[in-house]
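A lone chain, given as C-alpha coordinates: the form predicted on its own.
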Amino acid sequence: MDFTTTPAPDKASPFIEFDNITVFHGEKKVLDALSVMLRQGENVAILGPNGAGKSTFIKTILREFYPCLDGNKVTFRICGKDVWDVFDLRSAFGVVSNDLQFTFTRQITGREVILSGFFSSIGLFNREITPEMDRKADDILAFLEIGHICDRPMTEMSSGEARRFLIGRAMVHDPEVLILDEPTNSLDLHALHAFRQTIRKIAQSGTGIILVTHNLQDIIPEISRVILMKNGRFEHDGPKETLLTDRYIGHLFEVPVHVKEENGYYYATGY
(Lines give C-alpha, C1' and ligand atoms only; values in the text may rest on other atoms or scores of the structure.)
Protein backbone atom coordinates (compact mmCIF):
# COMPACT_ATOMS: atom_id res chain seq x y z
CA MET A 1 0.00 0.00 0.00
CA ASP A 2 1.16 3.50 -0.81
CA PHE A 3 0.38 5.32 2.43
CA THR A 4 -0.34 8.67 0.84
CA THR A 5 -3.53 10.61 0.29
CA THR A 6 -4.88 9.39 -3.05
CA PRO A 7 -8.53 10.07 -3.78
CA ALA A 8 -10.46 7.43 -5.70
CA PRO A 9 -11.15 8.23 -9.37
CA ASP A 10 -14.56 9.67 -10.16
CA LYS A 11 -15.42 6.86 -12.59
CA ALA A 12 -13.70 3.79 -11.19
CA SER A 13 -14.35 0.27 -12.46
CA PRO A 14 -17.03 -1.89 -10.81
CA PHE A 15 -15.56 -3.88 -7.93
CA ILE A 16 -18.62 -5.76 -6.66
CA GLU A 17 -21.58 -6.53 -8.94
CA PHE A 18 -24.48 -8.43 -7.37
CA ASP A 19 -27.86 -8.89 -8.99
CA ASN A 20 -30.77 -10.92 -7.59
CA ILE A 21 -28.72 -12.47 -4.76
CA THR A 22 -30.84 -14.59 -2.41
CA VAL A 23 -29.32 -16.57 0.47
CA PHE A 24 -30.96 -19.05 2.85
CA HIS A 25 -29.92 -20.27 6.31
CA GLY A 26 -31.75 -23.55 6.44
CA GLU A 27 -35.37 -22.66 5.69
CA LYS A 28 -34.93 -18.98 6.51
CA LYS A 29 -34.33 -16.44 3.74
CA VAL A 30 -31.68 -14.04 5.08
CA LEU A 31 -30.86 -12.14 1.88
CA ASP A 32 -33.76 -11.39 -0.44
CA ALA A 33 -32.95 -10.61 -4.09
CA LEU A 34 -30.17 -8.11 -3.37
CA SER A 35 -28.75 -6.07 -6.24
CA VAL A 36 -25.88 -3.63 -5.84
CA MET A 37 -22.76 -2.34 -7.59
CA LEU A 38 -19.80 -0.96 -5.63
CA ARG A 39 -16.90 0.69 -7.45
CA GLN A 40 -13.18 0.49 -6.76
CA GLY A 41 -12.10 2.99 -4.13
CA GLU A 42 -15.68 3.79 -3.13
CA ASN A 43 -16.48 4.36 0.53
CA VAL A 44 -19.89 2.94 1.46
CA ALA A 45 -21.81 2.37 4.69
CA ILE A 46 -24.39 -0.39 5.02
CA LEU A 47 -26.64 0.71 7.86
CA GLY A 48 -29.40 -1.29 9.47
CA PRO A 49 -30.73 -2.82 12.68
CA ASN A 50 -29.43 -6.04 14.18
CA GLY A 51 -30.72 -9.00 12.20
CA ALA A 52 -31.03 -7.06 8.96
CA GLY A 53 -28.66 -9.41 7.10
CA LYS A 54 -25.63 -7.10 7.02
CA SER A 55 -23.06 -9.65 8.17
CA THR A 56 -24.55 -12.28 5.87
CA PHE A 57 -24.07 -9.90 2.96
CA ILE A 58 -20.37 -9.56 3.88
CA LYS A 59 -19.97 -13.33 4.17
CA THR A 60 -21.55 -13.65 0.74
CA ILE A 61 -18.98 -11.24 -0.70
CA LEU A 62 -16.25 -13.43 0.83
CA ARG A 63 -17.82 -16.62 -0.61
CA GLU A 64 -18.61 -18.01 2.80
CA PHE A 65 -22.24 -18.14 1.62
CA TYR A 66 -23.52 -18.70 -1.90
CA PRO A 67 -26.69 -17.44 -3.55
CA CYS A 68 -29.66 -19.63 -4.28
CA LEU A 69 -30.16 -20.46 -7.96
CA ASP A 70 -33.90 -20.50 -8.45
CA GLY A 71 -34.12 -20.16 -12.22
CA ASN A 72 -33.72 -16.39 -12.23
CA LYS A 73 -30.61 -14.75 -13.62
CA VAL A 74 -28.01 -14.14 -10.88
CA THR A 75 -24.90 -11.96 -11.08
CA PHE A 76 -22.23 -12.76 -8.50
CA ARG A 77 -19.16 -10.92 -9.77
CA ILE A 78 -16.12 -9.33 -8.14
CA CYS A 79 -13.47 -7.41 -10.10
CA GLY A 80 -15.17 -8.54 -13.30
CA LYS A 81 -14.77 -12.25 -12.46
CA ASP A 82 -17.53 -14.73 -11.72
CA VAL A 83 -15.19 -17.54 -10.58
CA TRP A 84 -12.51 -17.06 -7.92
CA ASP A 85 -10.08 -19.09 -5.91
CA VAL A 86 -11.40 -18.31 -2.43
CA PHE A 87 -7.93 -17.66 -0.97
CA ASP A 88 -7.11 -15.19 -3.75
CA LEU A 89 -10.49 -13.53 -3.34
CA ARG A 90 -10.11 -13.03 0.38
CA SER A 91 -6.66 -11.52 -0.14
CA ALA A 92 -8.37 -8.73 -2.11
CA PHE A 93 -10.27 -7.75 1.05
CA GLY A 94 -9.15 -6.80 4.52
CA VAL A 95 -11.74 -7.75 7.13
CA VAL A 96 -12.08 -6.54 10.72
CA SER A 97 -14.85 -7.85 12.96
CA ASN A 98 -15.69 -8.42 16.61
CA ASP A 99 -15.47 -12.18 16.06
CA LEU A 100 -11.91 -11.76 14.80
CA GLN A 101 -10.96 -9.67 17.83
CA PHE A 102 -12.33 -12.35 20.14
CA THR A 103 -10.20 -14.93 18.32
CA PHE A 104 -7.07 -12.84 18.86
CA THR A 105 -7.60 -12.27 22.59
CA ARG A 106 -4.57 -14.33 23.55
CA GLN A 107 -0.89 -14.05 24.47
CA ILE A 108 0.47 -12.83 21.15
CA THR A 109 1.94 -9.40 20.57
CA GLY A 110 0.48 -6.73 18.37
CA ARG A 111 3.35 -7.09 15.92
CA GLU A 112 2.72 -10.84 15.69
CA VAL A 113 -0.93 -10.13 14.97
CA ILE A 114 0.00 -7.95 12.00
CA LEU A 115 2.53 -10.48 10.68
CA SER A 116 -0.01 -13.30 11.00
CA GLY A 117 -1.99 -11.59 8.25
CA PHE A 118 0.56 -12.86 5.72
CA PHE A 119 -0.41 -16.44 6.61
CA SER A 120 -4.10 -16.01 7.51
CA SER A 121 -3.14 -17.64 10.81
CA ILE A 122 -3.62 -17.01 14.52
CA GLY A 123 -0.08 -16.33 15.72
CA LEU A 124 3.20 -17.28 14.07
CA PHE A 125 3.90 -20.86 15.18
CA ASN A 126 6.53 -22.36 12.81
CA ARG A 127 6.13 -19.47 10.35
CA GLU A 128 9.14 -17.97 8.56
CA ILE A 129 9.11 -14.17 8.57
CA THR A 130 10.96 -12.64 5.63
CA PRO A 131 12.71 -9.24 5.72
CA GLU A 132 10.04 -7.94 3.31
CA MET A 133 7.31 -8.95 5.77
CA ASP A 134 9.14 -7.21 8.61
CA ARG A 135 9.49 -4.04 6.55
CA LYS A 136 5.81 -4.09 5.64
CA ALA A 137 4.86 -4.55 9.29
CA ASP A 138 7.07 -1.56 10.19
CA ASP A 139 5.34 0.56 7.53
CA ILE A 140 1.89 -0.39 8.84
CA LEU A 141 2.87 0.26 12.45
CA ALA A 142 4.12 3.71 11.50
CA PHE A 143 1.05 4.49 9.38
CA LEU A 144 -1.35 3.46 12.13
CA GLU A 145 0.82 5.11 14.81
CA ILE A 146 0.89 2.01 17.03
CA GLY A 147 4.59 1.11 16.97
CA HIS A 148 5.01 2.15 20.60
CA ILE A 149 2.74 -0.67 21.81
CA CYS A 150 3.51 -3.36 19.22
CA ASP A 151 5.32 -5.63 21.71
CA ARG A 152 2.40 -5.62 24.15
CA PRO A 153 0.30 -8.83 24.29
CA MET A 154 -3.23 -8.51 22.94
CA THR A 155 -4.58 -9.57 26.35
CA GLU A 156 -3.07 -6.41 27.86
CA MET A 157 -4.50 -3.99 25.31
CA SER A 158 -7.71 -2.03 25.42
CA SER A 159 -10.39 -2.92 22.89
CA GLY A 160 -9.49 0.15 20.82
CA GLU A 161 -5.78 -0.66 20.73
CA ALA A 162 -6.44 -4.28 19.77
CA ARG A 163 -8.83 -3.17 17.02
CA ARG A 164 -6.10 -1.09 15.37
CA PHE A 165 -3.73 -4.07 15.27
CA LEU A 166 -6.45 -6.11 13.56
CA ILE A 167 -6.73 -3.31 11.00
CA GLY A 168 -2.97 -3.59 10.51
CA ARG A 169 -3.33 -7.34 10.00
CA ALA A 170 -5.99 -6.70 7.37
CA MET A 171 -3.69 -4.33 5.48
CA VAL A 172 -0.68 -6.59 4.90
CA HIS A 173 -1.81 -7.68 1.41
CA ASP A 174 -2.69 -4.14 0.30
CA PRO A 175 -6.39 -4.94 -0.03
CA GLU A 176 -8.55 -3.09 -2.52
CA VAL A 177 -11.25 -2.79 0.13
CA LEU A 178 -11.29 -2.77 3.91
CA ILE A 179 -14.48 -4.32 5.31
CA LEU A 180 -15.44 -3.24 8.82
CA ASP A 181 -18.21 -5.34 10.38
CA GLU A 182 -19.76 -3.56 13.39
CA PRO A 183 -16.31 -2.12 14.17
CA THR A 184 -17.03 0.08 17.20
CA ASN A 185 -18.85 -2.35 19.47
CA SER A 186 -17.25 -2.25 22.95
CA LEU A 187 -15.26 0.95 22.27
CA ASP A 188 -15.43 3.82 24.73
CA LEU A 189 -15.46 7.46 23.57
CA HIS A 190 -11.67 7.82 23.48
CA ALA A 191 -11.23 4.56 21.57
CA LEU A 192 -14.05 5.48 19.21
CA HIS A 193 -12.37 8.79 18.38
CA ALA A 194 -9.00 7.10 17.73
CA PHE A 195 -10.63 4.38 15.64
CA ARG A 196 -12.53 6.85 13.45
CA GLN A 197 -9.35 8.87 12.87
CA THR A 198 -7.57 5.70 11.78
CA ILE A 199 -10.31 4.74 9.32
CA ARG A 200 -10.38 8.27 7.90
CA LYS A 201 -6.64 8.06 7.26
CA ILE A 202 -7.04 4.73 5.45
CA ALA A 203 -9.92 6.05 3.34
CA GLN A 204 -7.87 9.11 2.39
CA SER A 205 -5.02 6.83 1.26
CA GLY A 206 -7.27 5.39 -1.48
CA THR A 207 -8.36 2.09 0.07
CA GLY A 208 -12.09 1.55 -0.34
CA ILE A 209 -14.16 1.22 2.84
CA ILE A 210 -17.25 -0.95 3.29
CA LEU A 211 -18.59 -0.12 6.72
CA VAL A 212 -21.30 -2.39 8.14
CA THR A 213 -22.96 -0.94 11.20
CA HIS A 214 -26.10 -0.21 13.18
CA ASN A 215 -24.50 2.92 14.67
CA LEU A 216 -25.06 6.17 12.81
CA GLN A 217 -22.01 7.79 14.41
CA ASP A 218 -19.66 5.20 12.85
CA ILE A 219 -20.12 6.78 9.42
CA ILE A 220 -17.00 8.87 8.82
CA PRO A 221 -17.09 12.01 6.63
CA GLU A 222 -15.24 10.23 3.80
CA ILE A 223 -18.22 7.91 3.30
CA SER A 224 -20.50 9.51 0.74
CA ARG A 225 -22.91 6.67 -0.03
CA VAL A 226 -25.23 4.87 2.37
CA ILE A 227 -27.26 1.70 1.83
CA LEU A 228 -30.13 1.17 4.26
CA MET A 229 -30.78 -2.51 4.96
CA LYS A 230 -33.70 -4.18 6.70
CA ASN A 231 -35.19 -7.70 6.72
CA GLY A 232 -32.62 -9.02 4.25
CA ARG A 233 -33.24 -6.31 1.65
CA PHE A 234 -31.63 -3.07 0.58
CA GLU A 235 -34.43 -0.57 1.16
CA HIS A 236 -32.65 2.59 -0.02
CA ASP A 237 -29.29 3.40 -1.63
CA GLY A 238 -28.01 6.92 -2.17
CA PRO A 239 -26.05 9.94 -0.93
CA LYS A 240 -25.79 10.09 2.84
CA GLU A 241 -27.15 13.64 2.90
CA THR A 242 -30.36 12.30 1.37
CA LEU A 243 -30.80 9.18 3.50
CA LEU A 244 -29.49 10.14 6.93
CA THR A 245 -32.64 12.02 7.86
CA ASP A 246 -35.38 11.76 10.49
CA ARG A 247 -37.72 10.11 8.01
CA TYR A 248 -35.44 7.38 6.65
CA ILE A 249 -33.62 6.54 9.88
CA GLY A 250 -36.83 6.58 11.91
CA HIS A 251 -38.42 4.12 9.47
CA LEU A 252 -35.30 1.93 9.34
CA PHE A 253 -35.11 1.47 13.11
CA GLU A 254 -38.86 1.87 13.77
CA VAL A 255 -38.39 4.62 16.32
CA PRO A 256 -38.94 8.39 16.25
CA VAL A 257 -35.57 10.12 15.93
CA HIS A 258 -34.00 13.46 15.23
CA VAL A 259 -30.89 13.18 13.05
CA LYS A 260 -28.34 15.97 13.21
CA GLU A 261 -25.06 16.54 11.38
CA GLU A 262 -21.95 18.01 13.00
CA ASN A 263 -18.53 18.32 11.34
CA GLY A 264 -19.34 15.61 8.81
CA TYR A 265 -20.69 13.13 11.39
CA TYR A 266 -24.33 12.21 11.93
CA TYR A 267 -26.04 11.52 15.24
CA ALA A 268 -29.55 10.35 16.19
CA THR A 269 -31.29 11.75 19.24
CA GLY A 270 -34.78 11.80 20.69
CA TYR A 271 -35.47 8.08 20.95
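Computed from a prediction, not measured in an experiment: that's the story for all the values here. All residue numbers refer to positions in the sequence shown, first residue = 1.
Keep in mind that the form predicted together with a small molecule is missing from the display, and what follows is about it.
Put simply, of 30, 209, 243, 219 only one has a heavy atom within 4.5 Å of the small molecule in the predicted complex, and it is 30. Stretch-level contact analysis of 233 to 241, 55 to 63, 33 to 41, 200 to 208 against the small molecule in the predicted complex, using heavy atoms and a 4.5 Å limit, identifies 55 to 63. Using a 4.5 angstroms limit between non-hydrogen atoms, residue 25 touches the small molecule in the predicted complex.
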